[in-house]
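Presented as structure tokens, the chain that follows is alone, the form predicted on its own.
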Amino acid sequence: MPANDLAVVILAAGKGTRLKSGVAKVLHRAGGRTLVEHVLAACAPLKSRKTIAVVGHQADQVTTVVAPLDAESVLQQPQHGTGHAMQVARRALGSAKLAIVLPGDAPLIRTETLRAMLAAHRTANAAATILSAVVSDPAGYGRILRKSETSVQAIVEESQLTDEQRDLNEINSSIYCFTLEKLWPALAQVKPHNKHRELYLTDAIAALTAKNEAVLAHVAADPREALGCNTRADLAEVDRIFRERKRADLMNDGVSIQLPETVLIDQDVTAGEDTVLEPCVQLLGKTKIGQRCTIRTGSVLSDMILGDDVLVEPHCVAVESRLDNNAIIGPFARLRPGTHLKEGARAGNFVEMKKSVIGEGTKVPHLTYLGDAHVGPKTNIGAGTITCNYDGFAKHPTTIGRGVFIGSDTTLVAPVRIGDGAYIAAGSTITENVPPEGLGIARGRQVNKPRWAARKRRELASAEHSAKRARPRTKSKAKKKKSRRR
């Protein structure tokens, strides 16, 4: 069959009761993505003619996540089992001949595994192919009962296992490939004869085997791919596996990671050769890091773009910003969204920036806040400088030109412009534009009073002496004085 006869169906309608959460099961996160995003990412390279997400619980929120990934949502309301979900999706499947069906909470599945299962299904011209896994502890999973090396006799749920069958350790992953013209008649025979009164795909497979249709089981090379996320412990384990995989991938690509088990990296993060990640670093979202960068201990970067040879000193927090080649931030710097440090610029310790552009080679060494600012190249911003960008009603910009010197403890009240080559005297509050090459001073004139301190100390000493003499005498002192008179 041609590849465009393939459709993918993601079963994403469940609530996930055992997670004890108000969030739909497939919207829980592991490895930096929602569970359903991982499943869709694995399916995307298959280039199916259509991808369908069967949604139910929190349908609108799930649709918002899957729609950008080219998945069409179909509402299952109410939810009456996996077989019912396929019936709901039938019209949307159109003329597709084959369907790969996956639960939306199987995030560890790999594209190569799905391809291998699909190839086995096509080769055998099977009615159904089950992705199975051989595990050391099969508790909680349905078991695969084989009638030959390749074909399946039945899927036996754990509650129905005989004593002999409990030793079986090949489990059903709930990931299937179906030939649809075989599935629909079998599914029509399924009745909701169970305590939940639901229709299950496993019962459709039983109907296929009863008709002697070819039902295969393809064993996943990595049994972890069969792991679902039914509990918080499952989520934590899946997240750990994703982090482990991602660190291994980056190290294979030439990134050095010190104490890897302490470093948290999301799936969509990239990093270039000879970059070094020190312990306790977090790289989140779609962060992209160039070559030969160093990210030091305790720094958290989220949706950042870093050029080559960037240095992030310890304990920086940076979000949705850009650092060009040779930029330096930190230690203890905070970059809020919309910040851009151009080549060779520096934001030092305890510097905070928001929606600001810092020119090439400009230095903001320490203890500064720049918000809604545009700073030219080769400028120096002294310690304690702030841009007052908010007047209580709206945000206003500050523009600082090329080669400007901003003295320490300067307050720039926006909107204001500082021209190229200008100087701002330390301690100034600047409320008006400063022309190029000008000097801006906005502070009270200093007055020195000779010997003032000495006089002040004498006055204080005299006042203290007078206060002591004016204090009432204590009772004991009065008694002593009376006895001396006697």
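Rigid core here is just the name for the largest C-alpha set that superposes within 1.5 Å across the two forms. The first residue of the shown sequence is 1; numbering continues from there. The structure displayed is predicted, hence computed values, not measured ones.
The discussion below concerns the form predicted in complex with a further copy of the same chain, not included here.
Though a further copy of the same chain is absent from this view, in the predicted bound form it lies within 4.5 Å of a heavy atom of just one residue from 340, 246, 288, 366, which is 366. Think of it this way: in the predicted bound form, a further copy of the same chain has a heavy atom of just one of 158, 409, 72, 222 within 4.5 Å, and the residue is 409.
Here the chain stands alone, but in the predicted bound form its contact with a further copy of the same chain, taken as any heavy atom within 4.5 Å, falls in 235 to 243 among 101 to 109, 159 to 167, 235 to 243, 172 to 180.
Under a 4.5 angstroms non-hydrogen atom cutoff, a further copy of the same chain in the predicted bound form lacks residue 47 among its neighbouring residues.
The closest non-hydrogen atom of residue 441 lies within 4.5 Å of a further copy of the same chain in the predicted bound form. When contacts are judged by a 4.5 Å heavy atom cut-off, residue 296 counts as touching a further copy of the same chain in the predicted bound form. The closest non-hydrogen atom of residue 64 lies beyond 4.5 Å of a further copy of the same chain in the predicted bound form. With the core held fixed, residue 43 shows a CA shift below 2 Å between the shown form and the other one. Residue 81 shows a C-alpha shift below 2 Å between the shown form and the other one [criterion: core-superposed Cα displacement of 2 Å]. A movement of the C-alpha atom of residue 122 falling short of 2 angstroms is seen between the shown form and the other one when the two forms are aligned on their rigid core.
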